[in-house]
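Shown below, as structure tokens, is a lone chain in the form predicted on its own; questions about how it binds or moves come after it.
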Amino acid sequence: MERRKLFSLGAAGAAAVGTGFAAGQLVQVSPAVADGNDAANPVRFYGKHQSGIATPAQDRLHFTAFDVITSDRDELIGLLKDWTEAAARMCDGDFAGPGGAVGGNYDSPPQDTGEAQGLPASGLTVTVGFGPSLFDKDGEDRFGIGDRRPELLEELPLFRRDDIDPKISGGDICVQACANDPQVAVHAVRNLARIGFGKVSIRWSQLGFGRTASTSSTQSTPRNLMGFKDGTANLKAEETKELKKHLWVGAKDGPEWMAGGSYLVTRKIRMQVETWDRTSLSEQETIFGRDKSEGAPLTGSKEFDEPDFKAKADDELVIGTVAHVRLAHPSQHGGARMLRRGYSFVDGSDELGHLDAGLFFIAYQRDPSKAFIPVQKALADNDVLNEYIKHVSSGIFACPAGVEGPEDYWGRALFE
């Protein structure tokens, strides 16, 4: 039973669905978006790499970190199998379980929560990663995989000015659900949490709206909540050689099970938008090193013009030594690049009446020790933008290779 198909079954049709189903429970539903809309179409779930990494960034995010509460290795493996099967169905625009929201046993809980009934796939991708604490915790090898933990999967260091809240950081397993409909993304995470009841618990989660990066040359560069285009030099899906060099873990990079995977770093960055909004345009552009209108570096006229970090005017560097674009640019870090696919967030307001808003930063890379960590150290130590932002959450996860087919599951190579 596919959630997008029209249901027009009467009592006779309902009876044919299966025993235990009450006539009249099926309702007529229809697609919310017309066929042919790319934003509504499914994204292929199976493949060499997990979808949701190099996939063109969707508009909405529901990111969740889980703590594993079972100590049984077989239960954990069983959960990963169940999650994989459900995610494959939902990415195809189907219900999480074959019984759907109303078609299963009438005396049992439904196999789908139902809020996406009638909605198309909406480009849903579900991506999974494993945190350091899944492998060992307090010196204990939790599931017999301690010796398979990659050397690169280390908790991130504390950077200057960090104000990290442990309650919204870390986690044993992360799930990144991206879609072009927020309800579809939330539906995916909610159903995985439902399936995982008694085996995992949600540690923290984050909703995001408005992608802040482009991951395909077919997409334009969006703006963050400060009104600027950032990450113009981001890796794109079409840069196959660059993805192999900077994004995907190679066969000789570490544990064999990580080949074809990638390392994920998350940071929740609170923006002091009220202070920013009282800052002059000239100072804003000096801080970023870009003009606000076009997104061009201050030494160019178009967004994708390469910054000239040696250019001077009146004997002063046009792009200052502490400008954001200089400190983050690959040329300042040995050419290291990341694939960023972050989202803006607004989580209401704080006790002072200020918006609790900012950027949920997401970056994938082949080696965090050569990419995110040195870049963030340079930014934390020198970026003048720090006056307006604060990092409050942090996480690192090892995302395994893609699921090859219906008989495969997330992390199979790690556990078998």
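Residue indices: 1-based, along the sequence shown. Just so it is clear, the structure is predicted and the values come from calculations on it, not from any experiment.
The same protein has a further form, the form predicted together with a small molecule, not shown here; the description that follows concerns it.
**Q** Exactly one residue in Asp94, Asp230, Asp172, Asp181 has a non-hydrogen atom within 4.5 Å of the small molecule in the predicted complex; which is it?
**A** Exactly one residue meets the criterion: Asp230.
**Q** Of the residues Met258, Met271, Leu247, Leu80, which one places a heavy atom within 4.5 Å of the small molecule in the predicted complex?
**A** By the 4.5 Å criterion, the partner-contacting residue is Met271.
**Q** Just to confirm the contact call: exactly one of 384-392, 347-355, 48-56, 61-69 touches the small molecule in the predicted complex at a 4.5 Å heavy atom cutoff, so which is it?
**A** Partner-contacting stretch among the options: 384-392.
**Q** Just checking whether Leu379 would be counted as a contact of the small molecule in the predicted complex - the rule being heavy atoms within 4.5 angstroms.
**A** Because a heavy atom of Leu379 falls inside 4.5 Å of the small molecule in the predicted complex, the answer is yes.
**Q** Quick one: is Ala328 in contact with the small molecule in the predicted complex, heavy atoms, 4.5 Å cut-off?
**A** Within the cut-off, so yes.
**Q** Might Asn224 be said to contact the small molecule in the predicted complex, defining contact as any heavy atom within 4.5 Å?
**A** Although the small molecule is absent here, Asn224 would touch it in the predicted complex, with heavy atoms inside 4.5 Å.
**Q** Is Met338 close to the small molecule in the predicted complex, meaning a heavy atom pair under 4.5 Å apart or at it?
**A** Contact with the small molecule, yes.
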